[in-house]
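One chain is shown next in structure tokens, namely the form predicted on its own.
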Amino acid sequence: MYLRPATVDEALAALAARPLAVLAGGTDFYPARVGRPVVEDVLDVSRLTELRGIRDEGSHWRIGALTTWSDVARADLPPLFRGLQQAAREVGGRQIQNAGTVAGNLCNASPAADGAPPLMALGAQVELARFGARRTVPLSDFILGNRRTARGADELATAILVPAWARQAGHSARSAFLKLGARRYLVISIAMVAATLEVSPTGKITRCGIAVGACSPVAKRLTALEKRLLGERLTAGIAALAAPAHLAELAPIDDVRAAAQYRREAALELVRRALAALAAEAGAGRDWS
């Protein structure tokens, strides 16, 4: 069975009636089925244009589930989203970015999903809808493990909600994303890091999110490092505050791309570089508003 509903309500009604494999951009769906026929009943949500786009809703930003990575990369967004936009340009090649969706990247739940660290560092939540009800789940609780999420069989991811940052007078926020792979493009990460910082008018860090991907079954927030950074001034020395102990929650593995110890050391270096880059931008007087 192949269904291609025209409205969200139609899609939710279909999910309530029977188990269906949800298909959006297809950039993960089809590669996972190379060499074998598609035997699942499919719900193609690509016509649901109401689930595409990015907008500021005051208390939060809403990123529609079907927003593509090219949409993110080209959007006129504040510096808060620079890290997410940098990640958007690293998701496969241009064709993948044109088709692949933000929610699809998260729902696929790969340990190396490029979208997870920057959205996690932003404190994002996933909006899930079932027929007659909606709920939100923090991204850190939504991805449960390799290819596993908290989405119920009768639920559809409808949006990613990013809380508002820097809404106090004089406060500003910015983010950065760094990815390490065996080559520059079209590569699965060895390690990747996203950092989001909010600073006060005096240059002190008032809020932060640091997340690491490809070094555990799911992307991880470095909560100990975040606590260490709060109240510190954003200067060139900020990178030195990141220490190996702050990465204790990570659980990297040995595989064909890298050894676990190399991943751990690379992640620490990427964290330091991301913090240094944000400090350099602040020191150069670049607009953080």
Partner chain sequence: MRHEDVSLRRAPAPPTHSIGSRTPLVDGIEKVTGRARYTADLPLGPTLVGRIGRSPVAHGVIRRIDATRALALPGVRAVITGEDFAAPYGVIPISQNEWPLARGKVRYRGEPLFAVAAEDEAAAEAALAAVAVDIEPLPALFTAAEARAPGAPLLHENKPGNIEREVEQDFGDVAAGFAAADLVLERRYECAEVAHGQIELNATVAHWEPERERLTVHSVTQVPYYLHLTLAQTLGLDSSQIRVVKPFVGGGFGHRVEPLNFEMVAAALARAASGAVKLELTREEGFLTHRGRPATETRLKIGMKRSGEITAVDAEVVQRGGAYGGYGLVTILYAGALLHALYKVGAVRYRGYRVYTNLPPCGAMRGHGAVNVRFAFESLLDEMAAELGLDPFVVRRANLIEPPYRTLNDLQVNSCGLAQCLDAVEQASGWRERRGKLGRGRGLGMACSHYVSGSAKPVHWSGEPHAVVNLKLDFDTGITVLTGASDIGQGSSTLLAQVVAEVLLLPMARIRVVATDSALTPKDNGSYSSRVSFMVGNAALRAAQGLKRVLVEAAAKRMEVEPDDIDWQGESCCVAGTDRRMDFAQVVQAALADTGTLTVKGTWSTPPETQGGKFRGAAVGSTAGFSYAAQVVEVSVDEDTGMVRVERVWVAHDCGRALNPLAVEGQVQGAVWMGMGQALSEETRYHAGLPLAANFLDYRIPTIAESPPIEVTLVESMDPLGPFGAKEASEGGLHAFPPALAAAVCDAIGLRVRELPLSPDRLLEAIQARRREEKLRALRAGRPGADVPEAERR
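Positions refer to the first chain, counted from 1. Nothing here was measured: the structure is a model prediction, and the numbers come from that model.
What comes next is about the form predicted together with the partner chain, which is not displayed.
Asks: Applying a 4.5 Å heavy atom distance criterion, does L128 contact the partner chain in the predicted complex?
Replies: Close contact is absent here: in the predicted complex, L128 is far from the partner chain, nothing within 4.5 Å, heavy atoms only.
Asks: Should A73 be counted as a contact of the partner chain in the predicted complex, where contact means heavy atoms within 4.5 Å?
Replies: Judged by the heavy-atom cut-off of 4.5 Å, A73 is well away from the partner chain in the predicted complex.
Asks: Going by a heavy atom distance of 4.5 Å, is A259 a contact of the partner chain in the predicted complex?
Replies: Yes, contact at 4.5 Å.
Asks: Can I205 be called a contact residue for the partner chain in the predicted complex at 4.5 Å between heavy atoms?
Replies: No.
Asks: Of 116-124, 174-182, 195-203, 210-218, which is the one stretch near the partner chain in the predicted complex, taking non-hydrogen atoms within 4.5 angstroms as near?
Replies: Comparing against the partner chain in the predicted complex, the contact stretch is 174-182.
Asks: Here the chain is shown alone; which of V137, A164, I188, L144 has a heavy atom within 4.5 Å of the partner chain in the predicted complex?
Replies: Selected residue: I188.
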